[in-house]
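Taking the form predicted alone, here's one chain by itself in structure tokens.
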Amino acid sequence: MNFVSNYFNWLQKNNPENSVESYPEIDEQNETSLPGVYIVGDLTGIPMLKLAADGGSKIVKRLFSGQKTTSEKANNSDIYDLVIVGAGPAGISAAIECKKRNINYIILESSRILNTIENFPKEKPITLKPDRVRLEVPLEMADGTKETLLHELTIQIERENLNIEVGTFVHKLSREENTIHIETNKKMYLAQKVILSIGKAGKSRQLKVPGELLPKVFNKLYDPGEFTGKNILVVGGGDSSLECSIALAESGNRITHSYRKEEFSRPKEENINRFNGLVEQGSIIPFLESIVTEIREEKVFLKTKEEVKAIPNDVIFILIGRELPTQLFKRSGIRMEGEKGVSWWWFMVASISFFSMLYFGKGGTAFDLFVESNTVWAKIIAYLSAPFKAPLNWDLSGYKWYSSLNFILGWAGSMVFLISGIGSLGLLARHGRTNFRTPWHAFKYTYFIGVSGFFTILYFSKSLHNTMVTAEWIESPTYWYSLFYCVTMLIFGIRRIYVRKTLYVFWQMTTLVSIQIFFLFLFPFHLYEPLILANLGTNHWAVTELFPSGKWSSFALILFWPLICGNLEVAFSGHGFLLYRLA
């Protein structure tokens, strides 16, 4: 494994790698893989106060629209309509909407109300974005500072007299029948639905370098006034790190700011303007494309593109984000984006083996394997012993071995796919409530199961039960393969347009899908012969130059167009010169 690791490090040239933050897997309704549990706020990947508050209000309206609330049904105080975990802007907004609709709810908060805002640095400037988007926010919020925002929100929360339990830490969520069980450090709560609005309540990210545990290293800045005349290093590329450097520089400290990329990560305009102003004054020295390699008592080592610098240092603030509370999600069985669980591996093996069967099988030796098999057991034995019964030819001359190798690979792929496919179907059925929880999910999985079954039957009938004189199965399978490929592109293209309602996505998907449907299905199978061959004939220069492989050349125009541009240029320039000479 050291060789593989060293090889990829060599490819990367030891440059810092960008990490992809993994969030809980949610659908378009913000529902997690645990039915009835929803996500709002920071955990959706959109860390904006106004959008979080808007999301909290909207999700309650959506979940309880047209549904009987506590006043209209038998009141069971043991089972809440909704439990909200987290008393930030999203959770508070959701609670206010619940109160308006007379929904039986409770907020569970492990720390303090508005804890995220409480942890902002002293006098942190607050600019609420987006400011030009119409939102349905039940909380009144205005630009100002941390202190003014807290005061404004606290007055509203006290006025609403919301049902909040502070000091309640949620350990695990589980579902039994139609009720969600919320295990906490105090007691068990029961609910019909749960909203998680806990934000990134996990621990701060670390650099994982020597000396990071020294007492001079911090992950939060509470009061910049505590530091004066110090040599301070701030690490990070987001707004929090920029605001930290600005506040410390304005308190009379000498600031070095390090970030591993060449540009900061989408900073607010007012932050970058103040930061650049302090850089011009000499109060902040920025080192972009740099990484911290070691921390010592009186200095810190920064690796830049040119060299490793030793910089005098008294205090370090590492502000590179916080890790998500993944332990809660793991205990609750909530899937994370890109998570490679048992189901993921089963589906991956099934996908690879399916395409191996399809791709290699269609180019392999085809014969009637079951010609003498009259019973089910005889057919199974014949299938398992196919490599010993197939008329394989391993002669190296004329690439005769090629179809034999393809047959072996296709047969092996079919064997693995039958096992992994059945296992995948079992997992889909076992977690049916999750996998088929929406009409789209039900359609998507049903479609893939149907297509996989169709091509499996096609493989067995064309490759292992071929009763034709010639062992050739190009036309029919390729037609169906192209048809289902184009149908799949069309379905998921429409789906993307529906989810991402922007003009750019509409024209992007319309163009991409239209071109592929035309060249991969309509032209080769329905237009080539009546439009090209019937009018030009097989010997016309346009046919011989542009379609050297007949209608299959249409595939190359899409799949291998960068490789054939040179041939097209030669063809057109050559015939252009000929026409010029004839004229």
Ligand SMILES: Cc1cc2nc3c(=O)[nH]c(=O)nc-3n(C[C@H](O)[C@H](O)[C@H](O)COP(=O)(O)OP(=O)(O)OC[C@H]3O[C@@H](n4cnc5c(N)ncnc54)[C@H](O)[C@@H]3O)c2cc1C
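From 1 onward, residues are counted along the sequence shown. Remember, predicted model here, so these are calculated numbers, not experimental data.
Note that the form predicted together with this ligand isn't included here; everything after this is about it.
Stretch 119 to 127 is the answer when you ask which of 500 to 508, 230 to 238, 119 to 127, 254 to 262 has residues with heavy atoms within 4.5 Å of this ligand in the predicted bound form. In the predicted bound form, this ligand stays beyond 4.5 Å of every heavy atom belonging to residue 299. At the 4.5 Å threshold, heavy atoms of residue 82 stay clear of this ligand in the predicted bound form, well away from it. This ligand is not drawn, but in the predicted bound form it has a heavy atom within 4.5 Å of residue 111. Within 4.5 Å of some heavy atom of this ligand in the predicted bound form lies at least one heavy atom of residue 199. With the partner omitted here, the residue from 175, 268, 101, 496 that has a non-hydrogen atom within 4.5 angstroms of this ligand in the predicted bound form is 268. With the partner removed from view, the residue among 52, 520, 63, 34 that has a non-hydrogen atom within 4.5 Å of this ligand in the predicted bound form turns out to be 52.
Proximity of 346, 380 and 413 to this ligand in the predicted bound form is absent: no residue of the three has a non-hydrogen atom within 4.5 angstroms. Contacts between 136 to 174 and this ligand, taken as any heavy atom within 4.5 Å in the predicted bound form, involve 168, 169, 170.
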